[in-house]
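Below you will find one chain, with nothing else, as structure tokens; this is the form predicted on its own, and questions on how it binds or moves follow later.
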Amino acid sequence: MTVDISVLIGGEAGQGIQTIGLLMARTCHRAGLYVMVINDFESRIRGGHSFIQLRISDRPVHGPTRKLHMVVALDERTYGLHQPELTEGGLVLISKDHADTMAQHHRYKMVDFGGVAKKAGSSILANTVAAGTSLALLGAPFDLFENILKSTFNQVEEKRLAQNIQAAQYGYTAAEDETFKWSWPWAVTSPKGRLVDGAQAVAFGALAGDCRFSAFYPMSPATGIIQHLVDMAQTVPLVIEQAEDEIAAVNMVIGAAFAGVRAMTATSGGGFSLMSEGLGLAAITETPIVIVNAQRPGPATGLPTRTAQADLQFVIHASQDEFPRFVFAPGTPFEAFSVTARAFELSERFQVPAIILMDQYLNDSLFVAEESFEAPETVTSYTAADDLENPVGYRRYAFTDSGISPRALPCKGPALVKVCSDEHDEEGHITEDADTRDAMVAKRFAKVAAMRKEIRPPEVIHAGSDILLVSWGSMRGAMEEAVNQLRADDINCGGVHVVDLWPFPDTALSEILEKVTQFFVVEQNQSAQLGQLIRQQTGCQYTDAVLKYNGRPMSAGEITDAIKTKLR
């Protein structure tokens, strides 16, 4: 039997929706199933509408689906908003208080979540009751869920754990007189991979890249990255500093990197805007830093807790004047891990900023990552040795064929390190000499040839296809699934996914695109920013674009429907 169902738990912020989703996800993962969890919430502490959507499968899944098989409605609004997404025969679990609002054409079961929770000891246990009822309907063994509760609440007092277990039992009892069309016999096997969100994967990648300092100012959806780093800092040599604003954060990171420490910051588009002058400072002083921009929709404050891919062209050209930089956009948690580690190494080797584009969907969603997150045994240092042959004559910005100058560290060794934020000569002194200005620009851009060699080519899925879908960043999972759906419908379709975005992989991408009759870009922005870059850098014109920019993630079904319409 093939398992592929979606369950949505919705209600107001503060009702414990995330707890329900996390308990269910951990139970499914422990059973050896694949699961992905979308976290959709408003930017408010109480009220509003939030939901968790789980996709549970016996095969790898990396994107959401549009159709729901079960809705757990903790309030009346949840059913009203999501009932159009219920597949035929879908089941709604709804609080007894809101059952009168149900449309008769949907199957539903009334569960007094709050009242049942009080029987277990406290109304706050309503989320455990809901998780228990949902898992029971799916067919999950109770002892499996009980073990998850014990591992989740192993730090709380025994009485609270006992109450949660009792609430879970009541939840299972509430499901005894109901059947679920898509339940299946659970054959519990070993967990597959690691259950991880993108933010945690970036934090792991930072540690693998030998990050020792991070400064930040809280800004959704990047804050999760720093929260994970804060937790890790309890056991690894890592310093975390909450700055007074994003300008201070990036300048702290530059200061730490100038002193020889690998350093990073994480923010969203608005914070990155404030950091853009600091980005220029890092560039002209050739100080290696890593910045994560977790994108969200809208200019100004926009939609703080929603997802988007609209900062691509911005980060490639951000800050004044021109200078080389790396820009990466991982599409999976494992890519987020490996790209972050690479970003630290490449940034230090070439003495340029490295920017990682994440987004709310990838940051906050849970995935099963089967790849191993392994840090290198040793980390290469690219700083100059303490025993320079001629420390008195040390020139921080010495002209070299590669454009990379020897980088001594201040107060470490006999060399005197001089830098400034103005244009400068080889020693680091301010200059307005025209010839020196030309030479310094040429020196910095001389790095690009070697930087290009470090850019990994786009990954091709089903090479030799007549039609290609081209995606970047978090669109990878939905794009790949859409390709497979189209191929199942006898459309000769393949895919291309781009992670390394700047320097742009123009030669590799040109060779791929020139062999197909049509290609479509799939992006979460209004202007097809990757499509524009492809046309600008390769001369290849995309056939059309599948775009979404309302702040919600794009599903494979949406892509498939759009492509079929465009091919008519």
Partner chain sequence: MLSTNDYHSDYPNHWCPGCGNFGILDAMKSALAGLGLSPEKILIVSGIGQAAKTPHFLQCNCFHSLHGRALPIATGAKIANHHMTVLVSTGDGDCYGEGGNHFMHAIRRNIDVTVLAHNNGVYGLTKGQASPTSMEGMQTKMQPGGVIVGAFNPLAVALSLGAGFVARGFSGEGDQLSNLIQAGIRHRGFALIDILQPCVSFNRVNTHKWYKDRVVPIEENHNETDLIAALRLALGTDDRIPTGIYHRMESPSYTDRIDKLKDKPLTDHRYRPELLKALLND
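Residue numbers count along the first chain shown, from 1. Since the structure is predicted, the reported quantities are computational estimates derived from the model, not experimental observations.
Keep in mind the form predicted together with the partner chain is missing from the figure; the text below concerns it.
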With the partner chain left out here, work out from 140-148, 71-79, 288-296, 246-254 which stretch has heavy atoms within 4.5 Å of it in the model of the complex. 246-254
From the list 434, 236, 187, 488, which entry has a heavy atom within 4.5 Å of the partner chain in the model of the complex? 236
The listed residue (452, 109, 418, 160) that reaches within 4.5 Å of the partner chain in the model of the complex by any heavy atom is 418
Verify the contact flag for residue 379: yes if a non-hydrogen atom of it lies within 4.5 Å of a non-hydrogen atom of the partner chain in the model of the complex, no if not. yes
Can any non-hydrogen atom of residue 281 be found within 4.5 angstroms of the partner chain in the model of the complex? yes
Residue 242: heavy atom within 4.5 Å of the partner chain in the model of the complex? yes
Interface membership of residue 410, the partner chain in the model of the complex, 4.5 Å heavy atom rule: yes
For the three residues 440, 506 and 544, verify that every one has a non-hydrogen atom within 4.5 Å of the partner chain in the model of the complex; reply yes or no. no
Across 178-215, the residues having a non-hydrogen atom within 4.5 Å of the partner chain in the model of the complex turn out to be 194, 204, 207, 208, 210, 212, 213
